[in-house]
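Before any questions on binding or motion, here is one chain by itself as structure tokens, the form predicted on its own.
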Amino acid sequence: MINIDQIKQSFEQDIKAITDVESLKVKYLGRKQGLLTLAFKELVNLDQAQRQKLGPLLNSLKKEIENAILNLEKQSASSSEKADLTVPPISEMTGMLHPLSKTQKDLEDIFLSLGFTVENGPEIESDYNNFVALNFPDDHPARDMQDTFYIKGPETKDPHKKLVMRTHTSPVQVRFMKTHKPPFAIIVPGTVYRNEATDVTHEYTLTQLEGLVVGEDVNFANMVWTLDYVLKKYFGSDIKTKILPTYFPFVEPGAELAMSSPRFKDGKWVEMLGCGMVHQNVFKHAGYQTGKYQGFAFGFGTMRFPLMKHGIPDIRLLHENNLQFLSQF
């Protein structure tokens, strides 16, 4: 007796586990022993009523199976045309953050956990914001052409109109203070430019991160604790830090923070950043009442951080598009 449902169920199971289209075709449509072929041969042994009932069902099933096998053959042919077994495999390469981007992100996360906010500003700045508002005197060495890139334009002595490539990210502090009142704590990451010859430790395009904390009761001890905490979170709790006196026009007193660890430079002290209490003249340029607020500022080159943490021997490697080098991080 012809069992159409059984043939259909068998085909549905076989097509799910198919490994060879040709074998499937022979099993159901083969000229001699195909299951559908045998079923059609049995029709002649049935009476007219049964043939009229089963014939159309068999034809419908045959068409369904033929279409399914034809689609499988097309898919197989398409795959064969696209596959070129002589082409070497493409190795998977996942994206990664550049070590400078990762350093900035890691430092931002540390400062954000302390309640700081992140601010940004333009890389082309006025002489006023870059120098005057930060208490740089007219004869300060940083103003010389060998340190600063000046933008060509009409000759002018107006510091608001004379433009430079910013030499530090501190102008963002100036911009921020003109539109915000204390208390606040901000960091300013970004790119800065200095007219220097390049070598294993110097670049003319640098990345920096500066910070500014202002309030009515901010003191020197707050600054020392904050910077010690940040460096230990980034480099590890085994490092030691110390404060050394120095001079910067925009802070008074000014200081440098040095770091030491057996893991870096054979335990020698390394100067990591400049810092100090914000000079009252800076607050005056910002429009703040002189003597009302206290604050501390700091700034460091973030390129030094991955150099020390990963033992990178040449700062110029950070600006080269060398995937073999960058993929290590």
Ligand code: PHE
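Numbering starts at 1 and runs along the sequence shown. What you are looking at is a predicted structure, and each value in this text was computed from that prediction instead of being measured.
A second form of this protein, the form predicted together with the ligand, is not displayed here; the remarks below concern that form.
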Would you please decide whether residue 125 lies within 4.5 angstroms of the ligand in the predicted bound form, comparing each non-hydrogen atom pair?
-> no
Looking in the predicted bound form, any heavy atom of residue 298 within 4.5 Å of the ligand?
-> yes
Is residue 251 close enough to touch the ligand in the predicted bound form, meaning at least one heavy atom pair within 4.5 Å?
-> yes
Taking heavy atoms only, is residue 162 within 4.5 angstroms of the ligand in the predicted bound form?
-> no
Non-hydrogen atom within 4.5 angstroms of the ligand in the predicted bound form for each of 168, 173 and 275 | yes
Contact with the ligand in the predicted bound form, heavy atom within 4.5 Å, among 240, 143, 194, 102 goes to 194
Can you say which of 229-237, 207-215, 181-189, 114-122 gets within 4.5 Å of the ligand in the predicted bound form, counting heavy atoms only?
-> 207-215
